[in-house]
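A single chain, nothing else alongside it, follows as structure tokens in the form predicted on its own.
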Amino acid sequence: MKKLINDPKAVVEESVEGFGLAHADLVTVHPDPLFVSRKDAKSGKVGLLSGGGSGHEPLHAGYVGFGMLDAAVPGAVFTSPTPEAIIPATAAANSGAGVVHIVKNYTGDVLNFETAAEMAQADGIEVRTVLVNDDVAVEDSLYTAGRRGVGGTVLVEKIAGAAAERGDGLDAVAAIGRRVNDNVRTMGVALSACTVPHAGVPSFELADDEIEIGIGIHGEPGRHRIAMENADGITDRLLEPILADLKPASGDKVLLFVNGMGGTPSSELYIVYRHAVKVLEAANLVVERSLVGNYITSLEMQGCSISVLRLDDEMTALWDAPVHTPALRWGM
């Protein structure tokens, strides 16, 4: 294992400390319990909080800032944060209008955020939960009951964050977040495994000529393992189940999100995007918006995921709304 780390047990704390120093104009790092909060949140706005295991950077702390999250809770690598951290993060995100928890559908995340929400509500903070479960690869896994929350999480956080920023109420912000989740589907592929620092060995084994279709962001098994093929063939394999499940109508406008898993160069992601546009256009879909890059990763895993979000006018306007976070920024 070769990584730019000191102590495998201190990776998250040291990484978040460095993140806070690099983006001190945007965020505040709270070390014990560990969470990140936004510096410029305005009073009376619905707060947005998300979190989960580390190793998926820039998710979630990278999206704390204007137009997205008000706080984020990083757990240990690939491990849910505890209620002890989620509760004060919820209080930090609250400015009087309640807080929306955006939770990826993994068993630990769901249980810990549910416990924290109950405790926060007992303390007088109204909480709503948006569960993200956009992965079409599997219905259940070792980590979930139902579909996993993956790339669509970024889109939910951006669009719901914009709704909160414009002054929508608690239930309205939660509703737009759920609407995004209902209209996005994601599928991923791994070309290689990643290595969790404290484990020191790859999380799974792939032969040099094999890829895993439908992989999860923690290295969970996918739909099937096949021989390596070219980028267009892999893109077809990812889009086919997405479109079959989403069932878009001819003429629908969509956002196409090609996400890197951490170890994939941008040049390869754009090759995937190039063919994905052709596939969607052949299905009479209009690619109205795009996002390409490493936005929800799996440490240094080679591979990518494709997300397709069916847009309406409101979602498009909220996507276009200004955002200023460490990892996503435009319009300001």
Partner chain sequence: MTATGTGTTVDAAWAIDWLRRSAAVVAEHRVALSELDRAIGDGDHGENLDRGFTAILAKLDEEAPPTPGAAFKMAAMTLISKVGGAAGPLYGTAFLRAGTAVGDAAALDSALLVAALTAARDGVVARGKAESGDKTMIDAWTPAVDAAAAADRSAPAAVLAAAAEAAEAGAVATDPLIARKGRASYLGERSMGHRDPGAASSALILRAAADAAAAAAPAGASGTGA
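Here the structure is a predicted model, which means the values were calculated and not measured. Numbering follows the first chain given and starts at 1.
Keep in mind that the form predicted in complex with the partner chain is missing from the display, and what follows is about it.
Enquirer: Of His101, Arg185, Lys158, Arg148, which residue is found within 4.5 angstroms of the partner chain in the model of the complex when only non-hydrogen atoms are counted?
Expert: Of His101, Arg185, Lys158, Arg148, the residue with a heavy atom within 4.5 Å of the partner chain in the model of the complex is Arg148.
Enquirer: Within 4.5 Å of the partner chain in the model of the complex, heavy atoms considered, which of Glu240, Glu114, Glu126, Asp171?
Expert: If I apply the 4.5 Å criterion carefully, the residue I get is Glu114.
Enquirer: Given that the partner is absent here, state which listed stretch (176 to 184, 106 to 114, 242 to 250, 93 to 101) has heavy atoms within 4.5 Å of the partner chain in the model of the complex.
Expert: Residues of 106 to 114 come within 4.5 Å of the partner.
Enquirer: Taking the partner chain as it sits in the model of the complex, is Glu220 in contact with it (heavy atom to heavy atom, 4.5 Å or less)?
Expert: Glu220: contacts the partner chain in the model of the complex.
Enquirer: Can Val201 be called a contact residue for the partner chain in the model of the complex at 4.5 Å between heavy atoms?
Expert: Result yes; Val201 sits at the interface with the partner chain in the model of the complex.
Enquirer: Taking the partner chain as it sits in the model of the complex, is Glu84 near enough to touch it, meaning that at least one heavy atom pair lies within 4.5 angstroms?
Expert: Yes, Glu84 sits close enough to the partner chain in the model of the complex that at least one of its heavy atoms falls within 4.5 Å.
Enquirer: With the partner left out here, check for me: in the model of the complex, does some heavy atom of Ala76 sit within 4.5 Å of the partner chain?
Expert: Contact with the partner chain, yes.
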